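In structure tokens, the next block holds one chain alone, the form predicted on its own.
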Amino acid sequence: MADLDISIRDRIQIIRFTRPDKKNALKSTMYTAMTDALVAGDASPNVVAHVFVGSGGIFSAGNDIAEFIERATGQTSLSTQVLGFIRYLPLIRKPVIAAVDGLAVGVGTTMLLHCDLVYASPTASLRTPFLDLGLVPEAGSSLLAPLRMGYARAFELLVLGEAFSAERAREAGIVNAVVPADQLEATALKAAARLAAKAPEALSLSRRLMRGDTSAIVARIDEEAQIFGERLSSPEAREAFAAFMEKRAPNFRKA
């Protein structure tokens, strides 16, 4: 599909966001395609690892806000396409690597918490403006972020909405290494190739042992999704969506 390029190269499945004119914002059809690719790759002996890559100097601006607002009107739940993707993230059976260049917003950041390796360019910027839309964190980030980086930094990222630079994200334990932009994708693919050269059964067992029981993450994703869905029809969210469409700052006091 035009918005997403999915290919398998040397037993590595590459999922590339190809909507640079929309800052690689994710549409419902893209979520479905990504979930299908991950499920198929996990089941295929021809795939050893999954690699997420952006394009045009941007990783992803997260949900396509225009589509999101249109679909959210009157809804009390996340779309099945979005839920299908984020619910599968903790269940992925093979290593996941991300190459983050430029903006990584919303789910573009929270999905990184499910990756095994994350490489970023110096221009990478991680942001989760959920509260600016009257919403709450998703994709299990309210559980995973405090565990990964400590409560204070997680609160700063998820609630205050502070942008994390590539170096700050590395210090927080989200990013493994910061590499030049022109070496970013090659670095991620090299790491995937190193994994592909290892004993596959030992790789699978080691990853499962390190990740541990995922039931708490799955439960948190469902809890977040329920609250997120309820928030979609809240006065605060309606005010935030209206402000976005009218290109003004939201006034939550009147909400």
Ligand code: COA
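Rigid core here is just the name for the largest C-alpha set that superposes within 1.5 Å across the two forms. Sequential numbering from 1, following the sequence displayed. In this text the structure is predicted, and so the values were computed from the model without any measurement.
The same protein also has a form predicted in complex with the named molecule, omitted here; what follows describes it.
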Option touching the named molecule, based on a heavy atom within 4.5 Å in the predicted complex, out of L38, A61, A192, I221: A61
Which of these residues, P122, G150, G173, P129, gets a heavy atom within 4.5 Å of the named molecule in the predicted complex? P129
Answer with yes or no whether A25 is in contact with the named molecule in the predicted complex, where contact means some heavy atom within 4.5 Å. yes
How about I97 - does it come within 4.5 Å of the named molecule in the predicted complex, if we only consider non-hydrogen atoms? no
So in the predicted complex, does any heavy atom of A225 sit within 4.5 Å of the named molecule? no
Counting only non-hydrogen atoms and a 4.5 angstroms cut-off, does L103 reach the named molecule in the predicted complex? yes
Candidate stretches 103-111, 177-185, 157-165, 79-87, one within 4.5 Å of the named molecule in the predicted complex by heavy atom: 103-111
With the partner left out here, which residues of 222-236 have a non-hydrogen atom within 4.5 Å of the named molecule in the predicted complex? none
Rigid core superposed, CA of D10 - does it shift 2 Å or more between this form and the one not shown? no
